[in-house]
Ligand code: NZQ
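Below you will find one chain, with nothing else, as structure tokens; this is the form predicted on its own, and questions on how it binds or moves follow later.
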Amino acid sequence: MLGNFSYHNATKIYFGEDSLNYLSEELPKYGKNIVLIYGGGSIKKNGVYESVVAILKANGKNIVEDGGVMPNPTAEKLREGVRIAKAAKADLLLAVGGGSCCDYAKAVSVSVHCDDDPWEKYFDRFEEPDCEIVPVGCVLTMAGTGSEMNGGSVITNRATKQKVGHVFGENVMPKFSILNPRFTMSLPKRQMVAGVYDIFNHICEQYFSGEDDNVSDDLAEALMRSVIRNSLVAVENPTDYEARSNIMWAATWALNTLLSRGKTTDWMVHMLGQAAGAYTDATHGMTLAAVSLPYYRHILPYGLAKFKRFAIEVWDICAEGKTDEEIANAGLLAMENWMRKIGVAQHLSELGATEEMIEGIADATFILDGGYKVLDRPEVVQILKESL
């Protein structure tokens, strides 16, 4: 049974090979000053930058660039972006890149007209915006985070070794997002599969909570099966348009807040993975992959019915002659085998984590209570050790 909820998503999506053409439909809604946000420069190699700039110029926009957004955007970079957007008198922040660029743009959007330090206000005190918000638009080049259709933003503070997310309200969601699967095809395989696992785990975080039969879990199972099927195709043939387009669309639906309606949700894999990422600066999807199986095996006895359902409905495990525990564990084994096939990290040590970091990572892990088991600190330490 679903609980009471409201649902509204403010983001308009343009999807497909011709989707960038619709940027010209959106631009007249905003003023002349556009801050163009992007990452390390890959969009200049694959032609996306040139195409976007041409459209901005054709629409008479003033372009101020804010490049160099790193995979785990930092508090220092956020403060720099606020200075750039203020000086530009930004009317629109246009993020062209992956989820990190989108996350970063949203963090800048709520900070440009705020006098407080953005890290302290939003990622330490977790306050909501009380100032004018600069609109955000996204041109997505990597599938994974779902940031193109939600209010989430994750920022890393290197000084304090914290990686913290803040989910803002619908007024911070991108006003529009442009999703062309072709733009994702120049990604290295490692980035592609990290995005795939990020998608899968977003679904798991919302699925592994509650015991009731509900529509949200039915949708989650269908999305997980789609991600599994299409990821195997994409690993073999990274230019398969059908597989890449299905992955990209699944990423958006995995975290546009629909699946979580009427449910509690877990998110402890993200808390563990983000804490590890703050220490290693490793790719987000890889940190999630490294901690997932130890965490799920730890909480399986407390959510046995759902893990059994996961095994049967997602992994097609035959239940005949098996106990519930055997069925549930067979599902996690099937998940592990899939993770190996697509090539995501299996251990935090692969990502640079060491035994000496464990206590610090544990200290940086936020404990949430929406899943099947509220962890205590010794359990966090044990899971992290098993993840090494």
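Note that the coordinates shown come from a computational prediction; the quantities given were computed from them, not determined experimentally. All residue numbers are counted from 1 along the displayed sequence.
The form predicted in complex with the ligand exists for this protein as well; it is not shown, and the discussion that follows is about that form.
- When you look in the predicted complex, the only residue of 141, 292, 231, 206 with a non-hydrogen atom within 4.5 Å of the ligand is 141.
- The contact with the ligand in the predicted complex, taken as any heavy atom within 4.5 Å, belongs to 46 out of 329, 46, 51, 346.
- Only one of 67-75, 300-308, 127-135, 221-229 places residue heavy atoms within 4.5 angstroms of the ligand in the predicted complex, namely 67-75.
- Proximity of residue 99 to the ligand in the predicted complex: non-hydrogen atoms within 4.5 Å are present.
- A residue is said to contact a partner when one of its heavy atoms sits within 4.5 Å of a partner heavy atom; residue 103 meets this definition for the ligand in the predicted complex.
- Shown alone here, residue 255 lies within 4.5 Å of the ligand in the predicted complex, counting heavy atoms only.
- Proximity of residue 188 to the ligand in the predicted complex falls within the 4.5 Å heavy atom cutoff.
- Within 4.5 Å of the ligand in the predicted complex, a heavy atom is found for none of 81, 121 and 162.
- Using a 4.5 Å cut-off on any heavy atom, the residues of 121-151 that reach the ligand in the predicted complex are, in sequence order, 141, 142, 145, 147, 150.
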